[in-house]
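Below you will find one chain, with nothing else, as structure tokens; this is the form predicted alone, and questions on how it binds or moves follow later.
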């Protein structure tokens, strides 16, 4: 049994932050036992780690990130999406054919994840299975939770980053065989997006999804071009999402759709029916001008929403910064397209960054009893002589804080050293 004292804050739902000032959180076998205003008699004699007025919050979940692009974060941000992919991203990803190139980049990415308090992530790698295995192993060694996908691309892709259909399916099945049954780090099917995948590949991946009972992550209606191109290639389908449905890729495990900026009614139907997660990546879509997700509208439609860094279109790992960016973009969305929704607040964006994202990985992302104690201790946010409420300190951290404000990290209930 461990007990921690501080100002405890977490989300139970998107409308409200649960705040327990000057309180104690009890953790047993790595799981939250309860939160108390005073230490109960039954815990008398248990040592208390006292963090004073520091905030104790759940660790963050990143539902869309390209680990291979960590090395190019903040580069080429003056380009639009297509040029950025072709000039920087695709050539850089091709180097992952060499595992010795991949190893230090994946090491740096995982360490930076932990430094910024992201303990759970849905991760794209590249088409290269051996390099992907390196990332898989590093995540397992650190005790993080992740869904990791070897990317599939066999169509309309650069020659140096394009598989044959047979090769893509064969390498993907080997990858699934190697990693199915993992406890915390698990495989996920990862067709890059419809315009880079043939019908044969998508339908083949659907069969693998059913065989191995594994989910899918991809990009969905990120741009108007993508949405139109998907329907040009698959005229028998009515929406981007329906292509994945007909391919048999949905309903086998978590379905995580990045961006969802221009959804049709058919997209919404599919996503609701299969309980898909739509991932808002504010910095990335702002950097490459893909568009702005209508967060409030999608919430009202009943979709499950989370946040993603989308490195390297996004420039840094801190999901707390995506909390702030999501609020900023929702204000722009309301200003220019008021019919698509209202401005969200810090309770809403923090919920997406913690509990909503955490649901994809199991019982993480909140401090309700029985949840894993994956936690961050946040401090040094107040100006001298100007005390702030816990909610105000959280908001300041999301807008103006960084990893230096994280004074302690707990992963699976254990203190993280050397973060």
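Positions refer to the first chain, counted from 1. The structure presented is a predicted model; accordingly, all values stated were derived computationally and were not measured.
There is another form of the same protein, the form predicted together with another copy of the chain; it is not shown, and what comes next is about it.
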Contact check in the predicted bound form: 136, 180 and 419 versus another copy of the chain, with a cutoff of 4.5 Å between any heavy atoms. Do all three pass?
no
Contact flag, residue 12 vs another copy of the chain in the predicted bound form, heavy atom cut 4.5 Å
no
Contact flag, residue 128 vs another copy of the chain in the predicted bound form, heavy atom cut 4.5 Å:
no
Residue-level question: is residue 158 within 4.5 Å of another copy of the chain in the predicted bound form, judged on heavy atoms?
no
Could you confirm whether residue 195 comes within 4.5 Å of another copy of the chain in the predicted bound form, counting heavy atoms only?
no
Pick from 286, 165, 264, 94: which has a non-hydrogen atom within 4.5 Å of another copy of the chain in the predicted bound form?
286
The one residue among 291, 99, 251, 143 placing a heavy atom within 4.5 Å of another copy of the chain in the predicted bound form is 291
Another copy of the chain in the predicted bound form: contacting segment from 25-33, 50-58, 357-365, 390-398, heavy atom within 4.5 Å
390-398
Residues within 4.5 Å of another copy of the chain in the predicted bound form, restricted to 243-259 and counted by heavy atom
none
